[in-house]
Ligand SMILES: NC(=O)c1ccc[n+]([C@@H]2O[C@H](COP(=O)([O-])OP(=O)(O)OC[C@H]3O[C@@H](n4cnc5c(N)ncnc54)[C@H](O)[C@@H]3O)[C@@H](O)[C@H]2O)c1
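Single chain ahead, by itself, as structure tokens, in the form predicted on its own.
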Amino acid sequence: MILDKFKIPNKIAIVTGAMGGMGFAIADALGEAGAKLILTDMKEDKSFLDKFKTKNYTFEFIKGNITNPDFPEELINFAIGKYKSLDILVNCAGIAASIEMENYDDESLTKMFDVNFKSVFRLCRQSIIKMKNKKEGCILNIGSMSGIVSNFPQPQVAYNASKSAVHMLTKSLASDYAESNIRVNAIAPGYIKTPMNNLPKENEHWFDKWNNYTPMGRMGKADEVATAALFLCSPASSYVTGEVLVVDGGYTSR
């Protein structure tokens, strides 16, 4: 049955940034499809976790900072120790900042790449070490349409560069580890209605510009990214690797 290919019963899935809008939606989709979840974030939102309990998902929450160089290994080892396996890694944790180039100090630059790229690199590295042993695995990185085009009006040169790096990391790993049956893909979301995109009053005019330049005329919803994530994490996409799937309401088509 075709629909069965979207099910991932008892697969062990790590989701970073799981207390954010997109991270939660992706974890929810994987849980509904049958995965056993290991969720991580810097903060713990009990209202989110209570929803997972209500749905009877099997999950663990690990509070931690993914920019700590030791944390990726600790997280992967927890998965292996708990379930003896790791099948899926979703790198969803990320930050954004709208700062003009001439005002971008080194501390902000370092933070951007520590969260958006270095942590993803380290988590992929630790996961691949384990996935190679079983000759199977799936990695999904959350990039951005900003890694493909320079969208505006907000100035975000470092964010754009960090997401472009995630896309190339994805393609390189997909090529390098296809023989080990490890698939590596990315999603490049457009403007998605999540807490990350809550704008201060002085920038609320950006919403109109974002919608005007999006052919579908609106921002996306987190679950519209989550369904794409489920596809890329399930057997439904068994012949897909190295892909950066754009989910942007048509923004990059213009």
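Only a predicted model underlies this, so the values are computations on that prediction, with no experimental measurement involved. Note that residue numbering follows the sequence shown and begins at 1.
Note that the form predicted together with this ligand isn't included here; everything after this is about it.
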*Counting only non-hydrogen atoms and a 4.5 angstroms cut-off, does residue 159 reach this ligand in the predicted bound form?*
yes
_Just checking whether residue 230 would be counted as a contact of this ligand in the predicted bound form - the rule being heavy atoms within 4.5 angstroms._
no
_Partner proximity in the predicted bound form: residue 49 to this ligand, non-hydrogen atom cutoff 4.5 Å_ = no
*asked:* So, residue 29 and this ligand: in the predicted bound form, are they within 4.5 Å at any heavy atom pair?
replied: no
*Have a look at 52 to 60, 187 to 195, 30 to 38, 200 to 208 and name the one stretch with heavy atoms inside 4.5 Å of this ligand in the predicted bound form.*
187 to 195
*For the stretch 2 to 20, which residues lie within 4.5 Å of this ligand in the predicted bound form by non-hydrogen atom distance?*
17, 19, 20
